[in-house]
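Take a look at this single chain, the form predicted alone, given in structure tokens.
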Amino acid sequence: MRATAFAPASVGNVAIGFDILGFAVDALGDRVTVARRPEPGVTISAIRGTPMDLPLEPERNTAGRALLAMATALSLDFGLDMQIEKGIPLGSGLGGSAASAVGAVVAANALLREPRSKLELLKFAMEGEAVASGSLHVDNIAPSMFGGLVLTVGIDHPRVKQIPVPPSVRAIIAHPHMFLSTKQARAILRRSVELSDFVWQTANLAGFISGCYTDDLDMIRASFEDVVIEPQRQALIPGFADVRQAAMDAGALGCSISGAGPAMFAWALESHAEGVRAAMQREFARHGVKIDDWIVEFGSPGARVVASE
């Protein structure tokens, strides 16, 4: 009759995989509780954990829209009431809207007589993500749902592939205390790309994925450069260039913007991770920016039910 799901935060794009590549960040996430109700339809009875008022109307809420899509597609003969506990800062670039949508459908799935596959749930959650970003994309939803580093190809019929990450690698996440909306960060992007940049970015994506599969750290390092999106968005993050350079000087394999920003992330060997974190902390502080930060592994199982009754 009631279930609570935890959906982890995520890093979208991973520099070279705009809208198609992302990895889960289990250090923080959203918890969503969904309960059966006799009357058909979807309601949101509470949203906690955020200083901003989020819409309680399901049509205007990412998690609500995802549940509406689910209820309609499955012709549910009962209603769903939802409570959301936000654990991901809003406008952080860490997939907060995606996590709420994913947590909602995973919790609701536990109430079904015939539970659906994660791929089916992914499609419902995509409808919710469109509320926050204005477009359908899955680079945050897929890793939040499946865990780990995930490549997703296609929108109408998405194909999801979990990519292995060398076991010696850790991710360093730095979240500046500022708000940046996904719609705002997407609005500044040019709609066309130079052919040379397209070739360069494609080569980097292919090299990065190849390096992950073959445990080739040199290939990962050489390919970990976004030549299309990052140059356009970096001005939105105070001190970005200095933070990135400091991370690289401290031994990072790569450093870029997490999703739409303002959060940043770096990859580094476990032995260098603390040094990279300290370097990023130092540079943000030099620019007068307060941050939260984490060092995470890539073993997240993705969204899961944590309580039911």
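Quantities reported herein were computed from a predicted structural model and do not represent experimental measurements. Numbers for residues come from their place in the sequence shown, where the first is 1.
In what follows, reference is made to the form predicted in complex with a small molecule, a form of this protein that is not presented.
#### Entry: the small molecule in the predicted bound form: contacting segment from 28-36, 257-265, 61-69, 237-245, heavy atom within 4.5 Å
One stretch meets the cut-off, namely 257-265.
### Contact test in the predicted bound form: residue 300 vs the small molecule, heavy atoms, 4.5 Å
Close contact is absent here: in the predicted bound form, residue 300 is far from the small molecule, nothing within 4.5 Å, heavy atoms only.
### Message
Can you tell me whether residue 86 touches the small molecule? I mean in the predicted bound form, with a 4.5 angstroms heavy atom cut-off.
### Response
Because no heavy atom of residue 86 falls inside 4.5 Å of the small molecule in the predicted bound form, the answer is no.
### Query
Do residue 221 and the small molecule come within 4.5 Å of each other in the predicted bound form, heavy atoms counted?
Contact with the small molecule, no.
### Message
So in the predicted bound form, is the small molecule close enough to residue 140 to count as touching (4.5 Å, heavy atoms)?
### Response
Although the small molecule is absent here, residue 140 would touch it in the predicted bound form, with heavy atoms inside 4.5 Å.
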